[in-house]
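A lone chain, given as structure tokens: the form predicted alone.
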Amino acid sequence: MKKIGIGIIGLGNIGSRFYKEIITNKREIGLKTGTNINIVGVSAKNINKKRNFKFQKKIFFKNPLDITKNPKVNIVIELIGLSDGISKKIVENALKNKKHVITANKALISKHGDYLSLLAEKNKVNLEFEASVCGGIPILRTLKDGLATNKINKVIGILNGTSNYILSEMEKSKNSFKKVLNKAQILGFAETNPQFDLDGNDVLAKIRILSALSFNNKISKSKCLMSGIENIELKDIDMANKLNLRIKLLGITEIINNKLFERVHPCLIKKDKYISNINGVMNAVILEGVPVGQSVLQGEGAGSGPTSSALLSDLLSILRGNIKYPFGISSNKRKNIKSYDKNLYSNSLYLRFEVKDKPGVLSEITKKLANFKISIERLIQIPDRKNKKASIVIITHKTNERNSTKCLQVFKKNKNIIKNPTLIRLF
């Protein structure tokens, strides 16, 4: 059996779980791949940190870059998670030293994936990143292998378990965004600083990786239509429920008129739709392609268990001797696709205005909407006479992003509108 040395850099929750999975499953991995694997190097911030497993101190490297040079290491596992800095240096150096690399780092791949994949190809080693998107759901391998001959035209996904848990729990518990976020942090579903999950950036990084694999394009760097869930309040959840709708943060990428349109934003979805019923920390991806039609993958998208499962999948692929292009095809065959003008995107909108309860305010709002060619399909007023305020909810007919953006800018200057209007697109 061929001896393979593994170096793990980063021993947080995921790194620790992955370490234990390798030790536990060493025999089974050997049976399935004909290899004898051994962890010959580890690196972390603190060697003395209390961990629920033990390793020999002689395999600990204070400088993680030394692992990338060690002749005993054949495969480097990067689990630090930064988009630049030491994470990039580790992966870059490992590839240059002709070592296979496995990472769960979506921020790194979405920013530097084109460069790193080219480096892997030049050095005839693998760069694997299944765990960077949707945790335990094998979405990247499905695109690279299972659906390799299909022409994918659209990908829709719930790609962030933290945001999905918050929206689901707000609906279930009737608690405020702040209370539910606090609960998510206590349960370990949200980071101490959850901004990357809540503002849409986490989903955007994943969408850019999915775009590159689905459409054989270079990773997009253009500014996208993006918003997160920070401004969604319980009253929006309740109103959606009354309208037989549910709010979900979606990542969507598609080709429109031979142009790439990537977007991340909350959507109001009818309750009888499949994607509307993915709750809690679950993720789901819908792929539309030819000839396969529509394919759906669902599972846990985060956490040490699902992520370790994806890392092990990448490990077995390498151990079986599969040298593959990181993005499915050669870097020089991947193309740059022009971006679709987001201002042309047309959609119905949910608009919530918090206003002073006084005569003429509603007519001001409807006139401004009409000025920007935004017509009203449905209007609901919810008075709060005790505080001399009111909520006005408007569902519009389809309008383009250019009109809606300009119109909302005008409302910001209106003294009768207490706060910036909330906008959610209908799906």
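The model shown is predicted, which means the values in this text are computed figures rather than measured ones. All residue numbers are counted from 1 along the displayed sequence.
Missing here is the form predicted in complex with a further copy of the same chain; even so, the following discussion is about that form.
- Query: Is D341 close to a further copy of the same chain in the model of the complex, meaning a heavy atom pair under 4.5 Å apart or at it?
  - Reply: Taking the distances in the model of the complex, the answer for D341 is no, it never comes within 4.5 Å of a further copy of the same chain.
- Item | Contact label in the model of the complex: E300 to a further copy of the same chain, heavy atom within 4.5 Å | Heavy-atom contact with a further copy of the same chain at 4.5 Å: present for E300.
- Message: Would you classify I256 as touching a further copy of the same chain in the model of the complex, given a 4.5 Å non-hydrogen atom cut-off?
- Response: Output for I256 is no: heavy atoms all beyond 4.5 Å of a further copy of the same chain.
- Check whether N126 has any heavy atom within 4.5 Å of a heavy atom of a further copy of the same chain in the model of the complex, and answer yes or no. Contact with a further copy of the same chain, no.
- Within 4.5 Å of a further copy of the same chain in the model of the complex, heavy atoms considered, which of E191, D238, E230, D145? Only one listed residue qualifies here, and that residue is D145.
- Item | Interface residue in the model of the complex among F196, Y115, F177, Y325, criterion: non-hydrogen atom within 4.5 angstroms of a further copy of the same chain | Spelling it out, the residue with a heavy atom inside the cut-off is Y325.
- Query: Which one, 379-387, 398-406, 27-35, 41-49, holds residues whose non-hydrogen atoms are within 4.5 Å of a further copy of the same chain in the model of the complex?
  - Reply: Contact-bearing stretch, as computed: 27-35.
- Contacts with a further copy of the same chain in the model of the complex - residues in 292-326 whose heavy atoms fall within 4.5 Å: In sequence order, V292, G293, Q294, S295, V296, L297, Q298, G299, E300, G305, P306, S308, S309, L312, S313, L316, R320, N322, K324, Y325 come within 4.5 Å of the partner.
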